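Only one chain is included here, represented as structure tokens and corresponding to the form predicted alone.
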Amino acid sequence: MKNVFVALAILTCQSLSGLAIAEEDYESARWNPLHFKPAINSATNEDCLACHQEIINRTVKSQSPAGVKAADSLAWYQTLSLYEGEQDTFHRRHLVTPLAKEFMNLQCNTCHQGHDPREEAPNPPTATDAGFTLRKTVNPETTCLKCHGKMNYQMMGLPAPWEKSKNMFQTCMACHVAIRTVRHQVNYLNADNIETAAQKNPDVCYGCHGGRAWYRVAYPYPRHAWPGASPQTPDWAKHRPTESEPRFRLNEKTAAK
């Protein structure tokens, strides 16, 4: 009987060892629980970078395929008064550069809410694409658009786009010192640093609210009540949320189930 238990113990260890090895192969990693809800909600950057460290290590090529040297040209973001330094990659500019650390507190799962292979477009595609969508791993409406939407200057009552009317106001805080003063209270931004810097440089505000616009539409930000706000909600704001999404609220980083 003792020999039987020993044999079972050996087989068990071998089986567990096989599982450990299997968990390291591509397919096992692809279906890792961290890529799905609810585990992705509490995943840390360290959890993600354990496999995706190359995202941070990757650097800009010294020259483009056409032969244009990076050192001899300016990327669009290098033309902003806030940006200093050489060209850098997309993920580094959102996570580890001095500008990112000063004004942002973005995490991997701020934008990446999982990667379900079952939601990818089939290859070859079906006649109707079977309802699948590409780039499902990031929803631009709930992530990118928050900082890269168009500035809605008409709603703000400005006579012209900010590029033309900024000389009349000098800084956004000329109006916003008393209007919509409850802002940036989300876990992916460093609100105090933004508010302090905005007092001196309007590019801090406009940089995200129109200056880096990748979309033709403005983002309908939650309209938080502020001290002295009118109890009457204007028509354009009647359907606007009054709070940020649960997973973005301070001290509520975990997404609502």
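Note that the structure is predicted; figures quoted are calculated from it, not measured. A residue's number is simply how far along the shown sequence it sits, counting from 1.
The same protein has a further form, the form predicted in complex with heme C (HEC), not shown here; the description that follows concerns it.
* **Contact flag, Ile194 vs heme C (HEC) in the model of the complex, heavy atom cut 4.5 Å** => Answer yes; at least one heavy atom of Ile194 falls within 4.5 Å of heme C (HEC) in the model of the complex.
Q.
Test of understanding: in the model of the complex, would Asn32 fall inside 4.5 Å of heme C (HEC) by heavy atoms?
A. Output for Asn32 is yes: heavy atoms within 4.5 Å of heme C (HEC).
task = Would you please decide whether Lys200 lies within 4.5 angstroms of heme C (HEC) in the model of the complex, comparing each non-hydrogen atom pair?
result = Looking in the model of the complex, residue contacts with heme C (HEC) do not include Lys200, since no heavy atom lies within 4.5 Å.
| Does Arg180 make contact with heme C (HEC) in the model of the complex, using a 4.5 Å heavy atom cut-off? | Result yes; Arg180 sits at the interface with heme C (HEC) in the model of the complex.
| query | So which bits of 76-93 sit within 4.5 Å of heme C (HEC) in the model of the complex, heavy atoms only? | reply | Residues within 4.5 Å: Tyr77, Gln78, Leu82, Tyr83, Asp88, Phe90, His91, Arg93.
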